[in-house]
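Below you'll find only one chain, the form predicted alone, shown as structure tokens.
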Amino acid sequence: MMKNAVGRELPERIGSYVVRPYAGPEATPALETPVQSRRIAGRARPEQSKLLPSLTEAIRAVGLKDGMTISFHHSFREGDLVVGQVLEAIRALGIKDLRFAPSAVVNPKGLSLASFVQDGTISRVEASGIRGELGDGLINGAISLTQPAILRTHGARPRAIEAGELSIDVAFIAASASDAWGNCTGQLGANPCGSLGYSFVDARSAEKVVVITDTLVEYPCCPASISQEYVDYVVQVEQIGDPAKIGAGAARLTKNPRDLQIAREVARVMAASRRFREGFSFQTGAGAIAIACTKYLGEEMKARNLRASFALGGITAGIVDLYDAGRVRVVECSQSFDAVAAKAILDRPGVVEIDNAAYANAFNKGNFLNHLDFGVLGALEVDTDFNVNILTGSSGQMMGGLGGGPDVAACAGVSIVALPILRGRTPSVVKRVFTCCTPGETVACVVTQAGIALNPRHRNYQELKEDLERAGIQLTTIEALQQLAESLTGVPKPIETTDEIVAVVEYRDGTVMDVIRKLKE
């Protein structure tokens, strides 16, 4: 066993997986090697058609075989209808032992991903997070993969693909509109999902690409998010997704007084910073607190007559409202979190669809996060070293996904973790997080309804401390918040696990931040 830089004990190997321990947020240099791709040059001839009559025909045409890797994007989130249709067609063909590598695991109603593991269709999983029946089954031991799931941040996934660590054989891309040659978008059609940014790296890197749409449009599709040059086949189905469910479980409004209080405090912290100036940049995300924070931030911007240079990441209606009010110059959208945001790219020239690699991949020649002033992050737990858990809940169950949180924390000038001090009768500020996802040294500030704590180890600690004290904002310590939480709930009972590792938590550079072990019965 060995310890990484956040003190987590790790084996040197997990089956065939060689563990590279996390050594620090900037410890891994970029390799001077060419980007890897599985893409094969093709020859499309005049009057040839890429349009196939069914998913079954497309799966046969791309030559999908046992042991290959398939990918999907998660822009429809809980409204997705493509993953289930594709997996059912694969199951009917008897193809087994697939590596399932979506940008994130979604759990639409009526889809049992666990059943595809149980019958051997899927044997490996690599994604941002694994919630629902599949995640519960893995951590409880009811479901087994041939090797532990690999969990990656949104920035780490394109890095892994381009490094050849995640090599995709067939990418299935849901598009709300496509022409017969594969020029496609998420902005048009009966069921728009908005940005397709998470699928760009799949389109340009996979050996074969299948576009799946429910709205076939006249050639050429315009606008086109993905070009025909990357697409092998197109299939039209009855429905690819339900836009009304894109925000389910992620972009939800809140009237909870506690959450509103936390959101106000986050906006106060941002407004007190010297970085809150004309041309600043921000990412607020899509949780309940984050959406409220966007509203309060807009009020602070209006009071000072400020305009942000750009807003970034997963975009909500609240950010589109700020753009419409002239408070944000450009909205860089890697994902659309609700129906308003999904339609905004089409008719607002400053709301721009971006490649997820351009958003958060640390191992390219520049990403938007490197220019971010403020990043607001949610969490399930934070500990007295400011380490953040966004994956596992108080019972040890899979509750969330890595998303872009660790990427944002690593880059933002001021990274703010916003969370209630308690959830039910369970502390959210603890001595040691159950699963470490984001290293504490990258977190500048923790905001709860019971107080605000700054991280002395953060690179901008002194700057932020001076700014908040000048604004008269009272500060506390993370230790005081932890002790308060524990005094209200008592000492939580430790979560007991076995030695069996069911998932590996990678950092944005591919090193291992933590592992998740099977729970004891």
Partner chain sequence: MTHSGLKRTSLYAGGSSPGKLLEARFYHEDCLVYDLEDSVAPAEKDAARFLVYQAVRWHRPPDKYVLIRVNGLYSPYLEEDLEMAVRARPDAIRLPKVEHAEEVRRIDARISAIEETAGIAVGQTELWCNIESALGAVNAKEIAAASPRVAALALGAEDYTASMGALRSKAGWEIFYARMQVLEACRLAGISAQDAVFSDFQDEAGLREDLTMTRGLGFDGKTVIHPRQIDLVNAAFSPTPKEIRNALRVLEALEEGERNHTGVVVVDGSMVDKPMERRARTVLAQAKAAGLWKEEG
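Note that this is a predicted model, so its numbers are computed, not measured. Residue numbers count along the first chain shown, from 1.
Not pictured, yet referred to below: the form predicted together with the partner chain.
Chemist: Can you say which of 97-105, 238-246, 148-156, 260-268 gets within 4.5 Å of the partner chain in the predicted bound form, counting heavy atoms only?
Modeler: Residues of 260-268 come within 4.5 Å of the partner.
Chemist: Even though the partner chain is not shown here, does Ser49 get within 4.5 Å of it in the predicted bound form, heavy atoms only?
Modeler: Heavy-atom contact with the partner chain at 4.5 Å: absent for Ser49.
Chemist: Could you tell me if Gln474 has a non-hydrogen atom within 4.5 Å of the partner chain in the predicted bound form?
Modeler: Residue-level check for Gln474: yes, a contact with the partner chain.
Chemist: Test of understanding: in the predicted bound form, would Leu484 fall inside 4.5 Å of the partner chain by heavy atoms?
Modeler: Answer yes; at least one heavy atom of Leu484 falls within 4.5 Å of the partner chain in the predicted bound form.
Chemist: Would you please decide whether Ile143 lies within 4.5 angstroms of the partner chain in the predicted bound form, comparing each non-hydrogen atom pair?
Modeler: Residue-level check for Ile143: no, no contact with the partner chain.
Chemist: Of the options Val217, Leu422, Val430, Leu322, which one has a non-hydrogen atom that comes within 4.5 Å of the partner chain in the predicted bound form?
Modeler: The option sitting close enough to the partner is Leu422.
Chemist: Scan Leu488, Ala27, Val35, Ala61 and let me know which has any heavy atom within 4.5 Å of the partner chain in the predicted bound form.
Modeler: Result of the distance check: Leu488.
Chemist: With the partner chain taken in the predicted bound form, which residues across 426-451 come within 4.5 angstroms through any non-hydrogen atom?
Modeler: In sequence order, Gln449, Ala450 come within 4.5 Å of the partner.
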